[in-house]
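Encoded as structure tokens, the following chain is the form predicted alone, with no partner shown.
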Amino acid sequence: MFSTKSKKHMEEPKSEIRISYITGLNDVVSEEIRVSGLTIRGTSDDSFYVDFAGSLSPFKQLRSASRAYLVVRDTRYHPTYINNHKSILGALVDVVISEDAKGFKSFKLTCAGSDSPEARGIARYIAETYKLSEEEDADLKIHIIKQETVWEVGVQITPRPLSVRAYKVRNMEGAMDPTIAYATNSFCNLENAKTYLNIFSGSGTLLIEAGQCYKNLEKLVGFDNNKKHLSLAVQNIKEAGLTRSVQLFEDDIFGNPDLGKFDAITSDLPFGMSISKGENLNTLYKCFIEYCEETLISRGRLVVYTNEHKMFKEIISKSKFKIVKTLRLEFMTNGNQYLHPKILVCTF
């Protein structure tokens, strides 16, 4: 004689959160997840799976993650099965919408055979049940995908990716992804720092991420020689509520600006089309490193992000600095080209 669970109970899916990130940032993301008190239960490609305890709030605060989805996984959950058991998807949508009812006005369903009768049946269910319109650029993003032998049904927990920051009222072409900025700052030992300098500050992403995450910083300084970039940075910094905390200067690295000494220096170094000739880029990098040698305190951290890492390594090998850590990233640009930049952590 033995007891068994009811069929209904056995079929109840276990909800998880899938946290996706830029390739190469796995260690940074896993550390933020750990510090947040969450536990990683599994991995898949560039994602971590974390137990869902009933609230989406902790996951919406993650700064190193690109996106987060509420998901269920099972070998049975192909589009035909979900079309016949729509409540499985409905349960996920209910949770996501309940925490942000006004944030979702449209939806998009991504799955194999998106024009099939099964997929269309699922789409009609979402449209009719939740009064949402089906659009390409939608707020509620739903997917049914197969990963090896397991099907995953998921709903993105926020209308926009986690990497889209509220302070980004203005942007610039080629601007640094905020999750990369967060990662860059995480290697600066900013918990024990008071002063922070961002060279080639652009639209201010590195400065804002530092100011919002490390309240102990007493001096946040950035400079750029491009008036348009500085104007964008001023607007973003104001939106972030850091106008009184961040100082911006219009300066050129070749002018050797005297801004004092700093515990940490960061930079999204110009590369690619930013500089027209390789010789000029080489000269710029040499000047940058020489300036950092004079401006960074002893045992401070210099952390840079660049696609021209071979050139950077060659130049820095002849300086006082040594590279203590390297992260190789990979992501696709809007032009469907892969970039393989690196974050390099230096000290002396």
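The first residue of the shown sequence is 1; numbering continues from there. Note that the structure is a prediction, hence the values are computed from the model and not measured.
This next part talks about the form predicted together with a small molecule, which is not shown.
Heavy atoms of Glu239 never reach within 4.5 Å of the small molecule in the predicted bound form, leaving it off the interface. Under a 4.5 angstroms non-hydrogen atom cutoff, the small molecule in the predicted bound form lacks Glu152 among its neighbouring residues. By the criterion of a heavy atom within 4.5 Å, His229 is counted among the residues contacting the small molecule in the predicted bound form. Taking the partner from the other structure, the small molecule in the predicted bound form has a heavy atom within 4.5 Å of a heavy atom of Asn225. Note on contacts: among Asp258, Asp94, Glu218, Asp252, the single residue with a heavy atom within 4.5 Å of the small molecule in the predicted bound form is Asp252. The candidate stretches are 68-76, 200-208, 111-119, 95-103, and the one lying within 4.5 Å of the small molecule in the predicted bound form by heavy atoms is 200-208.
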